[in-house]
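In the block that follows, a single chain appears as C-alpha cells, in the form predicted alone.
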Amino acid sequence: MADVDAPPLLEARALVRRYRRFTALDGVDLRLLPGEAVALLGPNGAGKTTLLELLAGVARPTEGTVTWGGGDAAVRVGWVPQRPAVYLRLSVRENLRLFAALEGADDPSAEAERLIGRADLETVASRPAGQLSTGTLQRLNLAVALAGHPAALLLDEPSATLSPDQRLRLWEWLGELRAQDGLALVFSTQSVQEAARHGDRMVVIARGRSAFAGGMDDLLARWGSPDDGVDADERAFLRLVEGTPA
C-alpha cells in the first residue's frame, strides 16, 4: 500500500535521547512513505517507545531531527500510547467530543458520532471509559487518535494486552483504515510474527540502536539457519538482538 514514488511522509535522522547518564536511543534513523506500515521490533527496554514518543512530538530528541511531510505543518499524526490516554470517568461519547474539539473540529459532536460509528462503539457510547473491556478501550484509544484526521498513526504495542480475537479485530480495523484512508503506520511490537504479518518492512531496535531494517526474507537470509525449523523467524531475531551468528 505504500506509495514508493511519493516523497517521504517522515524523515527521522540520527535520533538520540539521553536521560542524564542513560542513553535510551542512540543515533536511530527512520523513513516512512505515505501509506506504508513500518514495524518497530525489539525486546523490552530496546528503545521502541522512546522512538515513538520522539516521532509523536511528546518528547524532544537530545540530538537529531524529526521532519514530517518535508516540514509541512499541515501533516497530522495520531499517537496511540500503550496505556489508553482517555478520561476514565467520561463516557465514550464525551471523550471523543472533547478530543475532537481539541483537534479543532468544526462540529465536535458530529465528529464524535462519526468516530463512534467508525470504531464500532455505538453500544457503549454512553458508558464511562473506565467500565470498558480491554479490547473496547483500545478501540476508543484508537478512535481518539483518529480525531485529527491523521496521515499516519504511531502505535505503541497496540495488541500487547489484547486477547487473540481482540487482536484480530484490531488488525482488521487498521487494515481497513490503510485501505480506505491511505493511513501510514509505525507500530512497535515484541512479536516477530506480528511485525512480519502487518508491517511492509521491519526496523529492529536493540540497546537503543537500529540493528536491522528490511523484510523477513532479509532477516532469515542474514541471521537464519537451515536447522531452525518452524521457529526460524524467532531464532533469527534472537541471534540478531544478541549479536550472535547463525
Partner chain sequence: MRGALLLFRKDLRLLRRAPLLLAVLVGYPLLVALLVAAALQGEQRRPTVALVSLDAPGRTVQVGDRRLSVDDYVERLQEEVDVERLEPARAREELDAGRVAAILTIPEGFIADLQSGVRQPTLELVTSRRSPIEGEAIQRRLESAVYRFNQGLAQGYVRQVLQLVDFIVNGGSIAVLGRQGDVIGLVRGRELIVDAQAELRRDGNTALALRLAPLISFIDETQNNLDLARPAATAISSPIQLSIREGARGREPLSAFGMAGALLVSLALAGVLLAAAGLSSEREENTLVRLRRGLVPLPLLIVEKVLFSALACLVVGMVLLAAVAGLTDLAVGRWAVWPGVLLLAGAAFGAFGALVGAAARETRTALLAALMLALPLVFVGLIPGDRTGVVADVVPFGPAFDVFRTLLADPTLGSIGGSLALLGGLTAVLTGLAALVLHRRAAT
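Numbering follows the first chain given and starts at 1. Quick caveat: nothing in here was measured; it's all calculated off a predicted structure.
From this point on, the text means the form predicted together with the partner chain, which you will not see here.
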Does the trio 58, 77 and 103 actually contact the partner chain in the predicted complex, every residue with a heavy atom within 4.5 Å?
-> yes
Testing 157-165, 171-179, 80-88, 116-124 against the partner chain in the predicted complex with a 4.5 Å heavy atom criterion leaves exactly one stretch, namely 80-88
Is residue 94 close to the partner chain in the predicted complex, meaning a heavy atom pair under 4.5 Å apart or at it?
-> yes
Residue 19, heavy atom within 4.5 angstroms of the partner chain in the predicted complex | yes
So in the predicted complex, does residue 98 come within 4.5 Å of the partner chain, heavy atom to heavy atom?
-> yes
Exercise: residue 112 in contact with the partner chain in the predicted complex, heavy atom 4.5 Å = no
Contact set, 127-157 vs the partner chain in the predicted complex - heavy atom within 4.5 angstroms | 141, 144, 145
